[in-house]
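To begin, one chain is listed below as structure tokens, in the form predicted on its own.
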């Protein structure tokens, strides 16, 4: 069931999103060769708590960290630990905050030092997919308008699109209805209404669409081991405009 939010409730979600944006402003500059993914996680966890929030993902469905750190061929749900980031890597940082029961969600893929032109292009196109999707996330459009924007732009550039995972409603919980796929399938296609808050998150692969899950039962990787990028914003739909809450 899609839960519409009141203006007051969107205001509370916005506060959570602003706290998340502040956390990213501190976290992203830490990404550099030689840092471990565990260090990034510990910083994010501590910073959110200092601001008065709680990490939304820690313990969610058993996830063992505050931050998801997915490196190179890892798409999503990479568990932080001892892995050291190297020059030329890319790392997706996916993070959410629970602020007094109101949830935010954002992801960004960050280059580690200087990366190849191919990776730079992958990051650019994936972020373009996100913003083209947000342009379609307007009142009275449908979910598949968002899906088509992502899928069309990614395929135009020859990239794979992850199908098994998708965007989603957010605000009262980390994941709510509706699902927001990055491809056009036969599933539900609800109309966007004022009061909907959704997380739009293209996951775009340099190679094919196929994925696998590692033995930790969390980390999702590309089946062909080619790099993947992931960008996400939480947006609120109003009658006359759409607001990106996590800018």
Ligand code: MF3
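Positions refer to the first chain, counted from 1. As the structure is a prediction and not an experimental result, all values here were calculated from the model.
Quick note: we don't show the form predicted together with the named molecule, though the next part is all about it.
Looking at 119-127, 167-175, 141-149, 83-91, which stretch has residues with any non-hydrogen atom within 4.5 Å of the named molecule in the model of the complex?
It is the stretch 167-175.
Sort through 204, 196, 48, 68 and report the residue having a heavy atom within 4.5 Å of the named molecule in the model of the complex.
None of the other options qualify; the answer is 68.
Does any heavy atom of residue 153 come within 4.5 Å of a heavy atom of the named molecule in the model of the complex?
No, residue 153 stays farther than 4.5 Å from the named molecule in the model of the complex.
Give a yes/no on whether residue 183 approaches the named molecule to within 4.5 Å in the model of the complex, heavy atoms considered.
Judged by the heavy-atom cut-off of 4.5 Å, residue 183 is well away from the named molecule in the model of the complex.
Just to confirm, residue 218 within 4.5 Å of the named molecule in the model of the complex by heavy atoms?
Looking in the model of the complex, residue contacts with the named molecule include residue 218, since a heavy atom lies within 4.5 Å.
Does residue 63 reach the named molecule in the model of the complex, with heavy atoms at most 4.5 Å apart?
Yes, residue 63 lies within 4.5 Å of the named molecule in the model of the complex.
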